[in-house]
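Below you will find one chain, with nothing else, as structure tokens; this is the form predicted alone, and questions on how it binds or moves follow later.
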Amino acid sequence: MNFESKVVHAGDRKRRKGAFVPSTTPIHLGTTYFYESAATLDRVLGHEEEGFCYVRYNNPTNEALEELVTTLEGGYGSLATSSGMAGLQIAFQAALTDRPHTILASDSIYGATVSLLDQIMSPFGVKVKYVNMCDLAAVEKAISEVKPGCIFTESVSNPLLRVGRLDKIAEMSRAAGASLVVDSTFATPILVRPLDLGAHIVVHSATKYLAGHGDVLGGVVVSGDEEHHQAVRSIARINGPLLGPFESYLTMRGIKTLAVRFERQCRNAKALAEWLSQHPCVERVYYCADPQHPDAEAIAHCFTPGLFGAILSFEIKNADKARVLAFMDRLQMIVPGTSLGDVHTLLLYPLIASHRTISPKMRERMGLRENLVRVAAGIEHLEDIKADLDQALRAPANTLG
């Protein structure tokens, strides 16, 4: 099946002997499962027979979502988690199993991920070093010096939209015996499939494009092979930060429209980037379709042809924090919220949200200026999105013009 059909059908309509088949996967709320024979339960608990025994181990609704995302990413297996950050922590722990406890991470990533690495992983003896993942020579040198057990990057960086050559990074990771973990939330499997490029684990915040409607908190960890999948599941069976069945149901329902939503959002984002690049109140636009993008070669190699993502960032001319906040207050349709991937357009100010906990010095190294905002294009009519941005940028004229 093509991708547009997989999002609709994969994971649903499990046929069990002698049972009716619902057209969509139901919400299974039971926490404990038993069988007519205790010997069957014994075999299920011992992984000798497929089945369900306890919700922390698996759940029919979660299993359907996991099968769906595994299919979309072309992976070996998945785990649905209570949040994207919970999934990322499990991914790091699984990647470091039987490997040196050192992570080589991109120096341009989500602020909460930096906090996870520095405040959660580091105090437990994990060494973390940051490197520019778009500079392959620097990556190769850092791997030689650090000898990491895990290498981490984002398929599209948050919020400046840098894109590394995942295939080359994967080659270096495998040569060094390190596991490559990729946060692909911005890209979705429509735009980039990191496992096809050689990554070992892909993590998504299901809160964003997968669920797509601003009503789910969740994550998904997709492993490319049995070794990493078993490590992920083993960790989850112990500490259990799993997605609830109702959230799994909502996420699965959201994914059914992922293809049509994301393609519309990509078109809107591209048109917005082109329009904003000519706006008198805008200093600079960051978008992956820009012919002058510093990672144009990587984008051409890694992205699905004709799509460039649904996220753009731009700098407001002559704006400090107070002026950016005033601009956000003037938005009438666009939601000045702290997420992305919803059907409605969202605008985020990294300084107070995604990168709030990052020190000013590190933000400066990342290239995050005080006047930068990030837009996640929704599915609204393009002219309405443009009109809202335009009035918020222009009024009052003596403030931002």
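Because the structure is predicted, anything quoted here is derived from the model rather than measured. Residue numbers run from 1 along the displayed sequence.
What comes next is about the form predicted together with a small molecule, which does not appear here.
This chain is displayed alone, yet in the predicted bound form one of 229, 261, 208, 193 has a heavy atom within 4.5 Å of the small molecule; that residue is 208. With the partner omitted from this view, the residue of 83, 93, 304, 132 that lies near the small molecule in the predicted bound form is 83 [heavy atom within 4.5 Å].
Screening 265-273, 85-93, 320-328, 251-259 for residues having heavy atoms within 4.5 Å of the small molecule in the predicted bound form returns a single hit, 85-93. In the predicted bound form, the small molecule sits beyond 4.5 Å of every heavy atom of residue 287. Residue 340 belongs to the set of residues with a heavy atom inside 4.5 Å of the small molecule in the predicted bound form.
The small molecule in the predicted bound form is not approached by residue 173, whose heavy atoms all lie more than 4.5 angstroms from it. With a 4.5 Å cutoff on heavy atoms, residue 126 does not count as touching the small molecule in the predicted bound form; it lies far away. For the marked spot (110, 158 and 186), a heavy atom within 4.5 Å of the small molecule in the predicted bound form is present in each of the three residues.
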